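Taking the form predicted on its own, here's one chain by itself in structure tokens.
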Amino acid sequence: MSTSSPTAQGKNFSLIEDKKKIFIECRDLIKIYADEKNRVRVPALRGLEMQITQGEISLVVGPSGSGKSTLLNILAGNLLPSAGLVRVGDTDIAKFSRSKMVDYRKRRVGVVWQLPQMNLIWELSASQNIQVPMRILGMPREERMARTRELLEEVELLDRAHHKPTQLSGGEIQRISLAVALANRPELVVLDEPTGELDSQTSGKIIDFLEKVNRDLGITMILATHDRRLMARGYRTMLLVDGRITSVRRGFVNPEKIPVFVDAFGALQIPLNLRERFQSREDIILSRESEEVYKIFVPEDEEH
């Protein structure tokens, strides 16, 4: 197991990562759902540890029920965690009051959900949809119009400004949804399966537009996805299993070099298939081979 950082492959990793500012940090993040009488308690996040640098595109992957939606909803300001730290910028949003959380959603974060009806108002045109977040902020009309045109140009849909969602293709709807998410000039954009409802050709175009917006505006983006095309772009990809991040990698995994994740407490989070194989073992050994290489040995096991 190599402890050195993998080489970045994506377009937005030209800087040395160590010198970038940590923009999002989660420490010992816990979220427990309970019924009204607090009799049934279901843990969704179990001490999650995560760091994301400013201006980065990051992916969260994992099986259904692993906690991806819960994590995104916490970062989007729709849920408060049960415990732990969630720092966005210089602020621990886990400590926000209800009014501060509403202000956070209005001013600092943009969201693109998988289902189009959650992003857009079907009775409004593309231009009118983009103006909704700006109206909520009380932005003057001239500023709204200028910002709307700027965003339509950014997603290359100026010619569709007066079309309603029913008159747009699936890819155009997602691009307008992205423009809506950017309308309040957010620090962070959270995207839940942005290519999940699209065909492969349209998905590729949406990924290109996400990269373009990230490159042009420098906005931090975190995406929950199952799209292998996104994973192949070389972004930081965090595997979430049972409410904890078990590996962090860029691109696809070399089967001979299985990635693991060490959290802030020094606990080694190993991939699910290895965890099931080695669970309840107390004799696993971590051996130092050199300054950069460590190996995990399992006694009486041919593989290590």
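Every value quoted in this text rests on a predicted model; they were computed, and no experiment measured them. Quick note: we count residues from 1 along the sequence shown, nothing fancier.
One more form of this protein, predicted in complex with a small molecule, exists but is not displayed; see below.
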Heavy atom contact within 4.5 Å of the small molecule in the predicted bound form, the stretch among 122-130, 67-75, 142-150, 105-113: 67-75
query: So in the predicted bound form, does Leu59 come within 4.5 Å of the small molecule, heavy atom to heavy atom?
result: no
- request: Classify Ile52 as contacting or not contacting the small molecule in the predicted bound form by the rule of any non-hydrogen atom within 4.5 angstroms, answering yes or no.
  value: no
- prompt: Just to confirm, Leu239 within 4.5 Å of the small molecule in the predicted bound form by heavy atoms?
  reply: no
message: Against the small molecule in the predicted bound form, would Val42 count as a contact residue? Criterion: heavy atoms within 4.5 Å.
response: yes
